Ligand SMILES: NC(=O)c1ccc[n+]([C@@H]2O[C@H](COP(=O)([O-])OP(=O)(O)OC[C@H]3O[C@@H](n4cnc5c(N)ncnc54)[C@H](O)[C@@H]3O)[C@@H](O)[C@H]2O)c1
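This document starts with one chain, in the form predicted alone, laid out as structure tokens.
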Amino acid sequence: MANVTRHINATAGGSAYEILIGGGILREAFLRKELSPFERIAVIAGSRVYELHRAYIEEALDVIRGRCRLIFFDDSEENKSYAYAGRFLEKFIEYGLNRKSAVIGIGGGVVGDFTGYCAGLFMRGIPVIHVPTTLLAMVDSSIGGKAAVNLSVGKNIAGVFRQPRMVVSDTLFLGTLPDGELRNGLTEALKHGLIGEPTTLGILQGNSMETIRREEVINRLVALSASFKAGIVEKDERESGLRAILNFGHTVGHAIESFMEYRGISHGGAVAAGIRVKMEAMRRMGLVSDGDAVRVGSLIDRYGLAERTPGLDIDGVIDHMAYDKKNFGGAVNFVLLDGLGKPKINQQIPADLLKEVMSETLT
């Protein structure tokens, strides 16, 4: 049996839970006391990860076989919808779930969002356990309790806060993760390094796309980001202040994604492009040094994180920033740095400077 190499104790919203990290730990996790009280368990598994790891997942499920029902989820953004969630809630009733039941989600961020949302609604909320299978989900979306589905007007409009009972970051799943998906997670880890988790920058600087996948390296990277984000969420679960620093790079990144209608660019590629824009703008504003800007730019290049989009309509992207649900009072608000590791929320970048930097770095 593989061993859990790292335990992180997380607390938020009056709930305490553990984040388990290690390679090949899924069966061990399902044997833990956190699952013992539940009479029935619905396991929502992403179709793609199940196809890749069917034997491994089934072996782990053997330990809860008599009380679990496996439900497959075609984990696309189109299916992360309010209407689709209704179908799964009906399945919960069909399978006999009740207040003494739980839901486990096995998959990437879409699966985690969807699972947490369904668990949060069913009978006013039953426990959820996350098994993130992508690096992005391990370092970011599985931690913090946000769960949402999409409406026709936009992404993540209908949502709940639902802290998990446990998070199982089994890095064995990362062995089949394509480089493009790995980069999405590396971008979020880089973000954490820039806003207050400095050890992450050293790990990224000391490795490459080839060596970062080594189990001891990736486990440590996941643990650092998970611990950092859990600490932020503990202080500000509902994003009333401090938690907003986690949006660093996302205002520009989300605007690029939205303008491009979520086609032709990855989430990580868009956010990394947003980080590049921020670093250059902050350098010109005197908020970060030339050396730090070069250092961050070299890390983005080393891992191929940012994506250029020739011919991108910069004015159109800027217009989309105004739609960001985190903006208030008519101003576009950014998270900026007063030096590496020192984030400040609700900051502005001069409009002319923003457009100039975006034109130079994005196209």
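Owing to the predicted nature of the structure, the values given are computational and were not obtained by experimental measurement. Don't overthink the numbering: it's just position in the shown sequence, from 1.
There is another form of the same protein, the form predicted together with the ligand; it is not shown, and what comes next is about it.
Note on contacts: among Ser289, Thr176, Gln205, Asn98, the single residue with a heavy atom within 4.5 Å of the ligand in the predicted complex is Thr176. Residue Gly108 is the only one of Gly193, Gly108, Gly116, Gly253 with a heavy atom lying within 4.5 Å of the ligand in the predicted complex. Put simply, Lys278 is far from the ligand in the predicted complex: not one heavy atom of it is within 4.5 Å. Although the partner is absent here, Arg162 is not a contact residue: none of its heavy atoms lies within 4.5 angstroms of the ligand in the predicted complex. Contact between Glu77 and the ligand in the predicted complex is found at the 4.5 Å heavy atom cutoff. Contact check for Glu181: a heavy atom falls within 4.5 Å of the ligand in the predicted complex. Only one of 43-51, 60-68, 25-33, 303-311 lies within 4.5 Å of the ligand in the predicted complex by heavy atoms, and it is 43-51. Residues Thr133, Thr134, Leu136, Ala137, Asp140, Ser141, Lys146 are the ones in 116-147 with at least one heavy atom within 4.5 Å of the ligand in the predicted complex, listed in sequence order.
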